[in-house]
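Just one chain follows, in the form predicted on its own, and it is written as structure tokens.
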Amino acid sequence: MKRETFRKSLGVRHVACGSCNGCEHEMNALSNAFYDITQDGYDIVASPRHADIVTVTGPMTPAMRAAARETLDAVPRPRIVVAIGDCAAGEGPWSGAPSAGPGAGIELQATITVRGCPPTPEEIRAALKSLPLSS
């Protein structure tokens, strides 16, 4: 995919799929004045219909399975899924728990995964900047 396929700024929609909120705190830091990912051409959007990228965190609890799928289905194609954290990769502390799925990134077939429990804002920002888009 080429960046020209998308708009000038890429919309990012986040879905928390049953995580402990550690990854969400780090994701929220991306919009503060220090990290400010808008300078890199990313905007946090409220509607999946305005998104190009979906970030997911958590092990994908049964209660979130349908909501996450509906959100992803509402994102126009082409779209990119980024799994944030070890739980989304299926390897976090909730891995194997009866109330946890294989990982949000695994279930939604993430393009890339940012490892960590939780990953730092710098790691998340670097992953977004490394997305397979040619400028």
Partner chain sequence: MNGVHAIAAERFADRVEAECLTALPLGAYARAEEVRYLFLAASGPYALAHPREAEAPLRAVSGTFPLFSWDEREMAQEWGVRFDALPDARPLRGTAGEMPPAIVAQGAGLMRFVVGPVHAGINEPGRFTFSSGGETIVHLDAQLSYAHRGVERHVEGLGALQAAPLVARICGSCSAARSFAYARALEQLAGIELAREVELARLVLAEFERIYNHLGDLAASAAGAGWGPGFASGMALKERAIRLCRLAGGHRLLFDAIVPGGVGAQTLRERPRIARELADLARDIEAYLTRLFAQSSTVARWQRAGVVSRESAHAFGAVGPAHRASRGEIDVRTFAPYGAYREFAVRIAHASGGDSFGRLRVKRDEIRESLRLIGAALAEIGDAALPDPQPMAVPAGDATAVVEGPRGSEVVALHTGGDGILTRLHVISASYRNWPLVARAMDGNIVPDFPLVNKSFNLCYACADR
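Residue numbers count along the first chain shown, from 1. Only a predicted model underlies this, so the values are computations on that prediction, with no experimental measurement involved.
Below, we refer to the form predicted in complex with the partner chain, which is not included among the displayed structures.
- Task: Answer with yes or no whether W94 is in contact with the partner chain in the predicted bound form, where contact means some heavy atom within 4.5 Å.
- Result: Close contact exists here: in the predicted bound form, W94 approaches the partner chain to within 4.5 Å, heavy atoms only.
- Message: When the contact criterion is heavy atoms within 4.5 Å, does I112 count as touching the partner chain in the predicted bound form?
- Response: Residue-level check for I112: no, no contact with the partner chain.
- Contact between A89 and the partner chain in the predicted bound form at 4.5 Å, heavy atoms? Looking in the predicted bound form, residue contacts with the partner chain do not include A89, since no heavy atom lies within 4.5 Å.
- Query: Taking 4.5 angstroms as the cut-off for heavy atoms, does E107 touch the partner chain in the predicted bound form?
  - Reply: It does not: once the partner chain is placed as it appears in the predicted bound form, E107 has no heavy atom within 4.5 Å of it.
- Message: Can you list, in sequence order, the residues from 14-43 that come within 4.5 Å of the partner chain in the predicted bound form, counting heavy atoms only?
- Response: H14, V15, A16, G18, S19, C20, N21, G22, E24, H25, E26, M27, N28, A29, N32, A33, F34, Y35 sit within 4.5 Å of the partner.
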